[in-house]
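The chain below stands alone, shown as structure tokens; this is the form predicted on its own.
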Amino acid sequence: MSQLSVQSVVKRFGDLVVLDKFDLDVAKGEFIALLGPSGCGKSTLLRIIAGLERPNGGDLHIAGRSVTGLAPEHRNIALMFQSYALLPHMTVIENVRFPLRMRGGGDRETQRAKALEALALVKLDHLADRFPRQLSGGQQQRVALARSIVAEPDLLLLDEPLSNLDARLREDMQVELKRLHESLGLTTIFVTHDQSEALGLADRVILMNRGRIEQAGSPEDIYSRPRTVFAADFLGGANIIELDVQGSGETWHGTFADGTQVPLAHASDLTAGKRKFMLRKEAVVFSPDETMATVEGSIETQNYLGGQTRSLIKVGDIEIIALTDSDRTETGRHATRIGWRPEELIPLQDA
């Protein structure tokens, strides 16, 4: 049985359809990332699951019961927003204890013991008697996380909880979220527009576009094998290359506008004619060997990123970006030969 089942949910704001007959099943203990650009419907979906928005159609089940008409406090969920929303007049432990007080779960000492256990999980039990103003931003975020898990909810809903943190703290909190999920096994739905967060944290990524699921799958599958131009471009900003495809059986090739031909794999997915392909930046190499598809181009610009270098190579009228180890990168503006394995050129659907 699914821990969460979203069935044909529709949400409209006036004439704007934000969710269009949306379906999603989440297994118990699964960590799901709702990923997509602003306005795709991911935060609205989370608010509907939480009971903060009412759908115009469809049904929701949490832990096997319909919750479509239930108020948030009757859904046994925890929701963590971008803001920490800690109560400034309460100590850390009283902030974490607060959901237990609201639910009337046990006496004061039992509640404090559970709050201390939650704080220990985020390694802040030694700061239990401090006030929020005495904590750093990262510590406040950990307190908010402890408050979210203390009542053992059926669902943990996280609405871009790391967006207010700087880069280093964001990385630390990603590690913390991953560790907590593996330890507690809470069914978690995480909303983000950051593809690195989604890929690094989730068991399954739900890529949303215009109120629908564009593609869903494991992080490895959705990154390596996107189905559409939107998915390929959103997940990592891949090179999108249009080729004229010709061939038959197992032998196919694609032709650039300048006449350059490259071999194509994925024969079962190919038909003759114009077709767009994805080529990941990290799949492009300098000094390719004889097993690779190769093209002649010229290095136009380069950005040194430390361990890697980002190079823009012009191949006729097409620009190809390569992300290579800095010690394996040709430097300076000059003519060059680049290549990739034929199977790295992934055919895409237009929509």
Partner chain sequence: MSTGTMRLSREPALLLSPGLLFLLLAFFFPAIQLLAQSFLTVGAEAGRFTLEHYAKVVVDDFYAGVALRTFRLALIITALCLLIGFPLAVVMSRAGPTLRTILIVLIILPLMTSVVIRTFGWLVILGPGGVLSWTLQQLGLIERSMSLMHTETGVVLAMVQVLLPFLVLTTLGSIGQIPASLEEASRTMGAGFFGSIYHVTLPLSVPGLASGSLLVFALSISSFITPSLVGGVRLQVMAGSIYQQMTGSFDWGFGAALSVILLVITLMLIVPYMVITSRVGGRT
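Worth saying up front: this structure is predicted, and the values here are computed from it rather than measured. Numbering follows the first chain given and starts at 1.
Same protein, other form: the form predicted in complex with its partner chain, not shown, and the subject of what follows.
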query: Sole residue of E73, D129, D221, E182 within 4.5 Å of its partner chain in the model of the complex, by heavy atom; finding: E73
query: Heavy atom within 4.5 Å of its partner chain in the model of the complex - the one residue of R108, K123, R103, K178 that qualifies; finding: R103
query: Touches its partner chain in the model of the complex: P99 (any heavy atom, 4.5 Å); finding: yes
query: Distance check, R310 to its partner chain in the model of the complex, heavy atom within 4.5 Å; finding: no
query: Non-hydrogen atom contact R142 with its partner chain in the model of the complex at 4.5 angstroms; finding: no
query: G259: touches its partner chain in the model of the complex, heavy atom cutoff 4.5 angstroms; finding: no
query: Answer range among 273-281, 241-249, 108-116, 85-93 for contact with its partner chain, defined in the model of the complex as heavy atoms within 4.5 Å; finding: 85-93
query: Site test, R12, I213 and R227 vs its partner chain in the model of the complex, non-hydrogen atom cutoff 4.5 Å; finding: no
query: Sequence-ordered residues of 117-155 touching its partner chain in the model of the complex, heavy atom within 4.5 Å; finding: F131, R133, R147
